[in-house]
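What follows is a single chain, given as structure tokens, in the form predicted on its own.
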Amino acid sequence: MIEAAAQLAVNAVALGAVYALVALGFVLVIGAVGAVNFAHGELVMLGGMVAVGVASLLPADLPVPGLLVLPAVLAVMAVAGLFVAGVAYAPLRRAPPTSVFIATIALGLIIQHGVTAGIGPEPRLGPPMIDSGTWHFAGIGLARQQLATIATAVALIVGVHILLQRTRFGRRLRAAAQDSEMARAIGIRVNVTVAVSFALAAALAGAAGLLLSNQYLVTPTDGAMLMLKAYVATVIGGWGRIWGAALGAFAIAVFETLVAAWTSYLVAEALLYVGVLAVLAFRPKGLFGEVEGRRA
């Protein structure tokens, strides 16, 4: 009983950490351009598919294929993020935010249908981060895969925190997000910071896709659900608040996992959105409040 409860808690934390990666990437773009990238869910899905493809090129007997695949996924998805910025944002940067919404929706559909046409609609199994098995601690056995997922997601989240808060380039990113005109006036190349924000967001999305693909599989239609989770997490955490969105995503995953274990996944989904409505009824601007001027 204790072991089952401990494993359930680890599952909840693992899913929460991955959802936090998705939400971090989503809100990074909001902060950079003041508009929503509706293709973000498809980028998570694409990251999972890239992981499947890269893993298929490696010898089957490698003990840690997921860890070896991760750098390639990050690199490929960062390039994909630059492509999204160049196609769906750069030509429309002086247009109303609704133009970016429509462009990213269209791009997301292109990605989804392109993947479906290219490899088919069947679910794909991604590589595990490490070899399967159980780690025993204080007489309790915990799945190594889930522990590796938590460690990988936490490492990426800490890396993003250090980049944004402790580096000169991170300060430039935050300055451009807060006031792009002032940033230009002091010599910050805002176009570069926007492109990097898209690349970083897509890399985080790709990492999340890799981490989700082994336990939950990956299909070309997963993007819409993942996009909705990121959007809800952002609304709960407070529009434009990076760490508020991450905490909101973590709360969503923990709620889903625990309620689904006691009832069913469908009931957990329904109760989740009931809970979202309740939160917004009492805190219309999210649990941590909105960043002024960031809602498009």
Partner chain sequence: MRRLLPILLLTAVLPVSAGAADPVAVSVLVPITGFLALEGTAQRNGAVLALDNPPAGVTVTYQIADTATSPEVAVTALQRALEREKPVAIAAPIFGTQMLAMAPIANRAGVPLITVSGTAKLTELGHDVVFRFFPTDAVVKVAQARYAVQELKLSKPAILYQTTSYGQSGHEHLVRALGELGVKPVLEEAIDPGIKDLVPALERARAAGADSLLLQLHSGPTALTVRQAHGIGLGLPIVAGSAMHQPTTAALVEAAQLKGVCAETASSPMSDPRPDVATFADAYRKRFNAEPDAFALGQYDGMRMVLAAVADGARTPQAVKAWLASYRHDGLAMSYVSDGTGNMAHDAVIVCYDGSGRGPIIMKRYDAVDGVK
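Because the structure is a prediction, the values reported are computed rather than measured. Residue numbers count along the first chain shown, from 1.
There is another form of the same protein, the form predicted together with the partner chain; it is not shown, and what comes next is about it.
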In the predicted bound form, the one of Leu125, Val79, Ala155, Ile162 near the partner chain [non-hydrogen atom within 4.5 angstroms]: Leu125
Among the candidates Leu70, Ala260, Ala251, Val54, the residue which, in the predicted bound form, approaches the partner chain to within 4.5 Å (heavy atoms): Ala260
Close approach of Ala60 to the partner chain in the predicted bound form, 4.5 Å, heavy atom: no
Partner contact for Ser197 in the predicted bound form: the partner chain, 4.5 angstroms, heavy atom: no
Ala17 within 4.5 Å of the partner chain in the predicted bound form, heavy atoms: no
His113: touches the partner chain in the predicted bound form, heavy atom cutoff 4.5 angstroms: yes
In the predicted bound form, segment of 70-78, 147-155, 117-125, 199-207 with a heavy atom within 4.5 Å of the partner chain: 117-125
Residues in 207-231 close to the partner chain in the predicted bound form, defined by a heavy atom within 4.5 Å, in order: Asn214, Gln215, Tyr216, Leu217, Thr221, Asp222, Met225, Lys229
